[in-house]
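Single chain ahead, by itself, as structure tokens, in the form predicted on its own.
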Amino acid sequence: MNMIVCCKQVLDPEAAPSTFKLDAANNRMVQPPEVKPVINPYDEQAVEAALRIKDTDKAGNKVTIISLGNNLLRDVVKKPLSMGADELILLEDPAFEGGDSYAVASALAAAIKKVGPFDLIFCGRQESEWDDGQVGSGLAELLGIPSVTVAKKVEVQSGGTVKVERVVADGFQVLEVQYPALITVSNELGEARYATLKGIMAASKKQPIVWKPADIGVDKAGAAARKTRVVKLFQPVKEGKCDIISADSPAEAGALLAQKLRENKVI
């Protein structure tokens, strides 16, 4: 089985909010150089979903990682290789910068067509930067294949199908889909495996395949291929106010508190 996982290098979502700086001119957030980017956590779980299938037949199953961006840090984007993936393809060029969900999905679709026949594509349910969750579904639409979103469990069945448990508001659904298909993976899948020392050493020896827009037959990429425009990006300001209630006894304090809550229409 040939599986493809789309992974993105993102600003570290665990970094303190104070480390982020707003580039108002370009409508983007910037982290200082000392804060290292990471693989989107949801994408790591997508890698884990593919590797669990690979574990059932290591010789017959292959996992290919595709990452898109510019100036990608090799020790970051190689993490899926150290986890057990087989191949890394980088769509890396300044032209890929500034794209929206449509531009990213279009470039990924072109790259996947160049990769050749596949059975399953895995994506994270959303990215930690924008939280839009659109690339996976858009990619499936561009490739003309079925998609199942927010999966918590994926199992390959006989007869060319996969059984997927997907998260819904009050539980989960069990679906069966014919492959080729695309599946977006949710955090309910469970923690992604740690990279082993052996895996890290093996990954350091593997060189990624790097493709430019021309290599995948894309005339417009990144900002030039956008279908949407960011009107304004800003950091919300949170303000809090605290009133101290003074009283001579707990009973009086309780009465004053109740009065204050009624005035503010809390009760």
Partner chain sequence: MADNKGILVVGEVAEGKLLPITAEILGAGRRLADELKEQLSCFLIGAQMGDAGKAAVAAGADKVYVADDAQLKDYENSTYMQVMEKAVAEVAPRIIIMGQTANGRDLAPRLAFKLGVSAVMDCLELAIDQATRLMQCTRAVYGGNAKAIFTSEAVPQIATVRTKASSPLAPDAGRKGDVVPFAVALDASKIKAKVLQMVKEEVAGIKIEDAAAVVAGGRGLGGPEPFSKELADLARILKGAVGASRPPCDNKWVPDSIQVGLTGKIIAPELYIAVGISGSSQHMSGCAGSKCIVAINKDPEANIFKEARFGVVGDWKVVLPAFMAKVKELLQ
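Residue numbers count along the first chain shown, from 1. Here the structure is a predicted model, which means the values were calculated and not measured. Between two forms, the rigid core is defined as the largest C-alpha subset superposing within 1.5 Å.
This next part talks about the form predicted in complex with the partner chain, which is not shown.
Note on the partner interface in the model of the complex: the residue among Leu88, Leu120, Ala140, Leu91 having a heavy atom within 4.5 angstroms of the partner chain is Ala140. Shown without its partner, this chain lists Asp75, Glu155, Glu97, Asp132 as candidates; in the model of the complex, only Asp132 has a non-hydrogen atom within 4.5 angstroms of the partner chain.
At least one heavy atom of Lys163 is located within 4.5 Å of the partner chain in the model of the complex. Of the heavy atoms in Ala105, some are within 4.5 Å of the partner chain in the model of the complex.
For Ser82, no non-hydrogen atom is located within 4.5 Å of the partner chain in the model of the complex, even though that partner is not displayed. In the model of the complex, the partner chain sits within 4.5 Å of a heavy atom belonging to Leu175. With the partner chain left out of view, the stretch that reaches within 4.5 Å of it through heavy atoms in the model of the complex is, among 67-75, 192-200, 167-175, 110-118, 167-175. If you take 239-256 and check each residue for a heavy atom within 4.5 Å of the partner chain in the model of the complex, you get Gly240, Lys241, Cys242, Asp243, Ile244, Ile245, Pro250, Ala251, Ala253, Gly254, Ala255, in sequence order. The Cα shift for Ala258 between the shown form and the other one, taken after rigid core superposition, is 2 angstroms or larger.
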